[in-house]
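Coming up is one lone chain in C-alpha cells, specifically the form predicted on its own.
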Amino acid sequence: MGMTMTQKILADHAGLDKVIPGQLIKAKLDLVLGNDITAPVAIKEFNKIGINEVFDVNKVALVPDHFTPNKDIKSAEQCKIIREFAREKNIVNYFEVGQMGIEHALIPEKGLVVPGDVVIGADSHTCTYGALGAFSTGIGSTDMAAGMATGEAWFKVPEAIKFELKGELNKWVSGKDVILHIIGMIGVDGALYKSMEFTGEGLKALSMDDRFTMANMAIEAGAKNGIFEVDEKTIAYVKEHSTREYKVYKADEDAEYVKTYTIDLGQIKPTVAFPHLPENTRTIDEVGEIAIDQVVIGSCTNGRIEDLRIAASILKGKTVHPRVRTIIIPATQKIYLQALEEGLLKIFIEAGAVVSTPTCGPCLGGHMGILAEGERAVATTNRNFVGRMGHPKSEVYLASPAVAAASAIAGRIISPEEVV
C-alpha cells in the first residue's frame, strides 16, 4: 500500500523508506514555534534540560501575539521571558511589536515554511502551514522545549481522510465557508488524530488565503494536520516569500484513506457556525433573525489582505450599524501597511469601524473586544466555544469576512447580497 502526502513527509524526516498509520517515529524538525502564552512554559522546561543552546537559531521562531501590545502586568512578564530568552539564545526569528504579526499569518509571510517541511508549534492552529504542502501540527509546551533542544519530535503517524475538491466558488463564498461546511458535515471529532488531505481540480479555485484559512481550521475537526496538494499557486507563493529549497510530496495512487469525501465547491453557500461549536453550522438562508453587538474581522484565520479587501468592498460608502462595535485586525504589519496603501483602512474608519494593531486579541478573549454577558459577536475567528470571546453567557458566530462585514452594516447576521 502506498503513502499519503503526510506519511511521505514524516517518513522522509524520520529517515525511513515507509511508515504506516499508528507507527511511532522520531522525525527531524524544520521549525519549532511558540507564542507569548505557550513559550514561557516551554522555556522553563528547556532550562531544566541543562543545555545552553537551541538546536538551530534559525529554526526556532518566537512570536508574542496573543496579548500584545501587552495588556497588563502578567502579559508583560510573559513577553519579557521570551524576549530575554530570544536575546540570550541568539534566536533569529523573534518578532515583536513593530515587526510582529499573528504567528500563523506571519510565519508563511516571512518564508519560514516551505513545502515538505515538518513544523511543530505550541499552538493548536500551527496546522495552518499545511496550506503550503508542509506537515505542521500543534503540540504542548513540553514537546516544544524538547524540540528546541534536540530538533526532533515523536509522532504517531496519522491515518488520512481525502477531500476531493471540484467546481468553483460562487460569489461571496470563500475558504472559510468551505471549511465550516466540512466541519458541519463531519463534526468536531470527524477527523480525530487524522490528516485532512485536500486535492482535486477544485484546488485551482482556491486562493492561497483560502487554503491558509482551511488548513488553519483542520484542528476544529479534531485533525492532527491539514495539508494541501502543492500546485502552481503554492509554488508561486513560496518563490515570492522564501529563498529556501523545498520538496513536493504527492500521495501515491494507492495511498490508503479511511474516508474520501467529494466536495463540490459550487454547491457551498455562505455558512455560519452558531454557538457553541464550529460544527453547529447553518447556511446563510437558514440563519433567521440574529441581532448582534460586535463584529471582529481578523485573526490567524481571516486577517489576511484578501479578507480585508473583501470586507472593504462591502463596507465602502456604507456605515456600520450604530449598535455594532466593528473591529478590524490586520494579521501582520505588512498586511496593515498594504491595507493602508490600498485605502482599505480609510474605508473601514469612514464606515465607523476601528482598526487594531496586529494581535490575536479578542479571538481567545484576550483583549481588544471582550464580550459582556448576553452579547453576541460575528467573528472571522476559528472557535466559538463557551466563553471564548469573553463572558460565558456571550455568544460567538463564526463567519467569513463577507458575512461579517454585511452583518456589521445590518446589525444582524445577513447575506452580503442583501447589502451590496
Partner chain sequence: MLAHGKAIKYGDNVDTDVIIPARYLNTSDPEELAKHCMEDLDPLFTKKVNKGDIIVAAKNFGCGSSREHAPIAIKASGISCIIAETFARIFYRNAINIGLPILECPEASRDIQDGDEIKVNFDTGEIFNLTRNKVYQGAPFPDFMQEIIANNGLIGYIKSTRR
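Residue numbers count along the first chain shown, from 1. Worth saying up front: this structure is predicted, and the values here are computed from it rather than measured.
Omitted here: the form predicted in complex with its partner chain. The next part is about that form.
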item: Output flag, Ile37, Ile219 and Arg383 jointly within 4.5 Å of its partner chain in the predicted bound form, heavy atom basis; value: yes
item: Contact test in the predicted bound form: Thr137 vs its partner chain, heavy atoms, 4.5 Å; value: yes
item: Partner contact for Thr281 in the predicted bound form: its partner chain, 4.5 angstroms, heavy atom; value: no
item: is_contact(Leu192, its partner chain) in the predicted bound form, heavy atom dist at most 4.5 Å; value: yes
item: Its partner chain contact in the predicted bound form: Ile329, any heavy atom under 4.5 Å; value: no
item: Single option in Ala223, Ile183, Cys300, Val230 placed near its partner chain in the predicted bound form, where near means a heavy atom within 4.5 Å; value: Ala223
item: Proximity to its partner chain in the predicted bound form, single hit among Glu240, Asp285, Glu341, Asp72 (heavy atom within 4.5 Å); value: Asp72
item: Which of 210-218, 143-151, 83-91, 290-298 sits within 4.5 Å of its partner chain in the predicted bound form, heavy atom basis; value: 143-151
item: Partner contacts for 8-44, taking its partner chain in the predicted bound form and a 4.5 Å heavy atom cut-off; value: Leu24, Lys26, Ile37, Thr38, Val41, Lys44
